[in-house]
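Below, in structure tokens: the form predicted on its own, a single chain.
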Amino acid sequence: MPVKKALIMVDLQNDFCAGGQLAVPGGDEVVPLANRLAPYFDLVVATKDWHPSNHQSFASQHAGQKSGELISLGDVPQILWPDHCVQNSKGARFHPALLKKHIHKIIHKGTDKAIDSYSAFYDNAHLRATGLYDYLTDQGVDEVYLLGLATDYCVKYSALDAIQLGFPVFVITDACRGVELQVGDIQKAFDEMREAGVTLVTSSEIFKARR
């Protein structure tokens, strides 16, 4: 039986791209590459941050505190962010250049106002699953590949959870961009993923392998 490979596109949404409320430097550059990569996979899943307007990860919900500050949310350390990817807002939509015809399944995360969800699989306290693991296993997926935004948050935590769930995991490094709140955060994220068993690859390796 051939190996069934799934591509997970993490949070390619307007608010994480140029002009968005939480724009990731170079975030737009990922979209054309995601479009090129998608046809090389048997299954394509796209995640969306899908926050209620009063989500507790928003700095606006905490008087006197600013984006970038650290609090505790649900007994989990939480960085405060600008309001972003609010349900049904323009910022929560996929980047307009993303070819949605390739997407088989959309996974919403961060829907509970009381806890954030960086990972595509679980909330940050690992109390509630998004349904992604069940979907991948139901579809007979053997390997998981990730790209998207942001390297040092949602991509990293999705990759680490996928490893813990038993998948061989590959992160397409040139199809990710990071926030880099602190200098070196992106490289630290790649190092942490590699040490956990994630294989770091480039898009060119995928294009060559499937010719």
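Everything numeric in this text was worked out from a predicted model, so none of it was measured. A residue's number is simply how far along the shown sequence it sits, counting from 1.
What comes next is about the form predicted together with a small molecule, which is not displayed.
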Legend entry - Contact label in the predicted complex: residue 145 to the small molecule, heavy atom within 4.5 Å: no
Inset, instruction - May I ask you to check whether residue 154 falls inside a 4.5 Å heavy atom distance of the small molecule in the predicted complex? - result: yes
Inset, instruction - Using a 4.5 Å heavy atom cut-off, state whether residue 176 contacts the small molecule in the predicted complex. - result: no
Legend entry - Interface membership of residue 84, the small molecule in the predicted complex, 4.5 Å heavy atom rule: yes
Inset, instruction - Could you spot which one of 30, 162, 150, 171 gets a heavy atom to within 4.5 Å of the small molecule in the predicted complex? - result: 150
Inset, instruction - Could you tell me which stretch in 43-51, 163-171, 181-189, 60-68 has residues with non-hydrogen atoms within 4.5 Å of the small molecule in the predicted complex? - result: 43-51
